[in-house]
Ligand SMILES: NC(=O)C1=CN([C@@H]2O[C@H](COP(=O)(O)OP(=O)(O)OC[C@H]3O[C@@H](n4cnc5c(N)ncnc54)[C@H](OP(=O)(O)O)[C@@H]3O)[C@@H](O)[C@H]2O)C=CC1
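What follows is a single chain, given as structure tokens, in the form predicted alone.
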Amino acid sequence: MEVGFLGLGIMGKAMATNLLNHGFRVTVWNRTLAKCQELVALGATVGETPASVVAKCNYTIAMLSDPAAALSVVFDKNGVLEQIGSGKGYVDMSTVDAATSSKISEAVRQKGGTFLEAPVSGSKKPAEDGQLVILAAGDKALYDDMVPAFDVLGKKSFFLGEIGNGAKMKLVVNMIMGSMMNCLSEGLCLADKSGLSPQTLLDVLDLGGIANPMFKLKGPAMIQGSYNPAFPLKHQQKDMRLALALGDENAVAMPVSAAANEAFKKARSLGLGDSDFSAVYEVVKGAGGSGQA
């Protein structure tokens, strides 16, 4: 199976590598073309533009940073729309809002192509290990065609029906994740300020009903002040913003998530946008009186 892959950031690079390692023929494109060279060493070919990748491949996957990037790759000069057409499928695995997915879907279908949104739950390590959770919606036939690739990229894929449902599900998941990270940060800070061991707190949490992989993975690194980006904080804040907008559309009160979003925004203002999203802990520590974050 030959696929195109647009976007080689933290997630895209790991995902395209997995496809190559499992025997897929992959043609890659990235806005900074130098990022393609590591994948060329694994057997990938390089497309000069998104349009050239789509022209070569019947199936093209995109993994981009935000709605603006997702729209740019489709609608700009030398973009996806210039070559999409009958017999070609486009799969956007970026985390965007439902309106962005719908706009891309309509444009692709007007050209005769098929479209699937398929955002993923998971960060760098699950992407590297092929353990993502894929939240797809849109053209069911294209979903069926992509199952072999999804089985390499993820541990489970869901088909959620009409366009927008995948985007909405991903935003709800990331909204919960961001709120949980803020709560963990407050708990670690409160334990420390109360004369308790933050590591012992993590040990206790791991044995109880709220034990979860995120606390177990992120907690020790947070205590050490280590924030190597598995999921950059600026992207977490973008997802919180989009989730809150979805709440506005549906008149759902979300005070916990709104407060979490403010903490992530504060972290961005302190220059932590490119750090892991767990770096919001530094904001909480600063607010707790332990000095400047």
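Residue numbers run from 1 along the displayed sequence. In this text, all values refer to a predicted model and were calculated from it rather than measured experimentally.
The following text describes the form predicted in complex with this ligand, which does not appear among the structures shown.
Contact between Thr32 and this ligand in the predicted bound form is found at the 4.5 Å heavy atom cutoff.
Although the partner is absent here, Ile10 lies within 4.5 Å of this ligand in the predicted bound form, judged by heavy atoms. Residue contact with this ligand in the predicted bound form: Ser72 places a heavy atom within 4.5 Å of it. Contact between Arg109 and this ligand in the predicted bound form is not found at the 4.5 Å heavy atom cutoff.
This chain is displayed alone, yet in the predicted bound form one of Ala98, Val120, Met175, Ala149 has a heavy atom within 4.5 Å of this ligand; that residue is Val120. Ser65 is the sole member of Ser257, Ser65, Thr45, Ser52 with a non-hydrogen atom within 4.5 Å of this ligand in the predicted bound form.
Residues of just one listed stretch (262-270, 243-251, 37-45, 22-30) have heavy atoms within 4.5 Å of this ligand in the predicted bound form: 22-30. Taking a 4.5 Å heavy atom cutoff to this ligand in the predicted bound form, the one contacting residue in 154-171 is Lys170.
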